[in-house]
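The data below hold one chain only, encoded as structure tokens and taken in the form predicted alone.
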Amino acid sequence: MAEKIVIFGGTFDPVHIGHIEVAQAAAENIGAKKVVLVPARRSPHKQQRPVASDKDRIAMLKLAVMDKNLFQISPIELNRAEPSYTIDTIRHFKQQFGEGCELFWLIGADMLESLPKWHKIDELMSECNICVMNRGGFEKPDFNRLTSSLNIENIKKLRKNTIETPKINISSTEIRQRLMTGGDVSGLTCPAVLNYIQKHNLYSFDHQLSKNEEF
């Protein structure tokens, strides 16, 4: 039987408990014994770069999963020149883990509408399983809206690979905004990550101002 491996990409700026919990839930649903977290240089759907540096985001990810054997972290997209495409990342992991593995790329339901615009989407969907994470309590995505942009077989795959994940109302944006104004973020990210953020003065008003001035 092929080894099932979950790939979860994102800016993780910063990583929070919601990222870890939904990835764990997805892996359990799929029956995967490995989750690879892939920090992106920037979101492909956003113009602005992450606030924290690549080094800091990797460090925070390591702290967030240091006691969780399920997780690995890959800097593949940070080390690749832009533009960085998902299909290149998938092919990297197929080479790393072997053709016998079965790869599952996690996306949020909010990303579904932009999926047909992804680079070489038909090839991507033939080389991995794209799994749509649907948060508990929310209606399932309307796949019929994709009929004009994706073929029927790919839409069937998306329906089949829809995963119900825990409802966790946390976002990295909210955490950054709270930290910038001196707000409390305890319980939103793991203590080790919060300690790192405080130690390195990440996401404070002065830190975000200095980052903006760099560009």
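When you see a residue number, it is the position in the sequence shown, counting from 1. If you're wondering where the values come from, they're calculated on a predicted model, not measured in any experiment.
We do not show the form predicted together with ligand ATP, though everything after this point is about it.
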| field | Contact assignment for ligand ATP in the predicted complex, among Leu70, Ile30, Ile155, Ile170, heavy atom within 4.5 Å | value | Ile170
| said: Whether Gly10, His19 and Asp110 jointly form a contact site for ligand ATP in the predicted complex is the question; each needs a heavy atom within 4.5 Å. | reply: yes
| Thinking of ligand ATP in the predicted complex, which stretch from 62-70, 156-164, 172-180, 143-151 has heavy atoms inside 4.5 Å of it? | 172-180
| said: I'd like to check something about Asn134: if you look in the predicted complex, is any of its heavy atoms closer than or equal to 4.5 Å to a heavy atom of ligand ATP? | reply: yes
